[in-house]
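Only one chain is given next, in structure tokens, and it is the form predicted on its own.
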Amino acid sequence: MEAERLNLAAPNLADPRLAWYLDARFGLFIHWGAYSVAGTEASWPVMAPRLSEAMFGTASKISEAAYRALPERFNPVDFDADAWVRTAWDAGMRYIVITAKHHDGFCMFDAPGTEYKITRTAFGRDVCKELSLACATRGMRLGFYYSPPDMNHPGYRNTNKPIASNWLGEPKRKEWAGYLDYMESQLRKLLSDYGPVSLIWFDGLCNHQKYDTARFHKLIHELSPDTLINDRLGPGYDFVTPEQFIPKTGIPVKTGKAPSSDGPESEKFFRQVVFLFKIPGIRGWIKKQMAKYSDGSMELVPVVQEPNPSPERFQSWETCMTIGRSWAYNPDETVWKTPRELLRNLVLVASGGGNYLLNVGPTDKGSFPPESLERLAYLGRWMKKNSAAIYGSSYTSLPVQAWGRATRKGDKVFLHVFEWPSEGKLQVAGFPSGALKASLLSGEALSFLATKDGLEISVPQKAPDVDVSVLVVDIDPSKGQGSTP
């Protein structure tokens, strides 16, 4: 009995702004700010200290006063934008997203309306400007992470009170309108003075409505029409952002709603969690749940998924994930993801039509930790040989295979083999008729046989790669083309 036809149509590109994004597949996230001086997580230790420890594994405690004073000691003399971009490019990454401003309000660019910024430190240089120039030279896309919450601004919250008491913001105060104007001035600066901005990565935490989503989406579209917007400021986004996890039950689909926390009820959730942390019996349970967030086994903010969506239903998506456990630099980090784990994560994401935004937290001097450099170099060596199976690829309608995953691009189906068959036969379940040629990605031709269950490919006894070996099957589009990818 003939297997069902393999879907090979590209995801819906009615919006051509997404073309580069869907081609890139792999990007570098950078969480960097004055907090690197203390080796603590960004912002969270002064917003919700116990929650921060549970989620990110940074056990160090820091007072609000000490945290706010960190810029006085922030002098990253080893920062080299060209070296950063070169490292990312060599790893196979094709875009970079840096924290222009995190929740603490400290700006890594020459931001208007504040003295709490890197250009007012001993370092005195505009990190975002230098990075934008380095990216332009290399041909690397650049995006800015921008946090709508701002612990430093008196319009966002009453700064006479401890941050832990009002870190979710106070939109009912008359000063709130002035804060939104402040946000606008900073976004105008980023979108006007730093060259082409490929995307804005908001991180609104929760209750996005209070930031007047429509106002800022309109601003971005008017100032920089090609700039993509993520889902963390409410509806009208271009891509969704699963955090620390890879969707497991299917592929993200369009809903028209913001999957990330939205509405006043989301603030109640945070308040409840912080309150429950005070109860010893419940605190242990919450810590276990937060550990699941860190290792990717819990979908903190789930996204709607379907097994095999049509191109029109497909939702562009991006998993953002730490290379260790912390987002920011943690000198005591011990929970590093293995190179194999990171590589297979990249394949898992690409096989679902998604992008993999892998985070590095630079040191207070401006260099990447050795453990991060080692892993990026490892990924780069694999990508140098196998990137054709990642860039511009997307999902197929093949069922999940016990040995690995599949991606497709045009009339080629790439088989990413995690578990190499010891018997010399790779069984590809559900593969349709119409296979014209099978080979290793390196070019060596392989014999194959169509079976009632799919495709059987004869492979060498030894796997070409110790982590992920790639085979390619050329198909006849007249027989393999379907209505969806």
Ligand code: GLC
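Note that the structure is predicted; figures quoted are calculated from it, not measured. In this text, residue numbers run from 1 along the sequence as written.
Unshown form predicted together with alpha-D-glucopyranose; subsequent notes refer to it.
D364 falls outside the set of residues with a heavy atom inside 4.5 Å of alpha-D-glucopyranose in the model of the complex. Residue contact check for Y156: none of its heavy atoms lie within 4.5 Å of alpha-D-glucopyranose in the model of the complex. Though the partner is left out of this view, E243 does reach within 4.5 Å of alpha-D-glucopyranose in the model of the complex, counting heavy atoms only. A residue is said to contact a partner when one of its heavy atoms sits within 4.5 Å of a partner heavy atom; R408 fails this definition for alpha-D-glucopyranose in the model of the complex, lying far away. Note on contacts: among K117, H103, R375, R141, the single residue with a heavy atom within 4.5 Å of alpha-D-glucopyranose in the model of the complex is H103. The listed set Y145, F368, F74, F414 contains one residue whose heavy atoms approach alpha-D-glucopyranose in the model of the complex to within 4.5 Å, identified as Y145. Only one segment in the set 27 to 35, 450 to 458, 431 to 439, 64 to 72 has any non-hydrogen atom within 4.5 angstroms of alpha-D-glucopyranose in the model of the complex, and it is 27 to 35.
For the partner-free chain shown, W201, D203, L205, R232 of 199 to 234 come within 4.5 angstroms of alpha-D-glucopyranose in the model of the complex, judged by any non-hydrogen atom.
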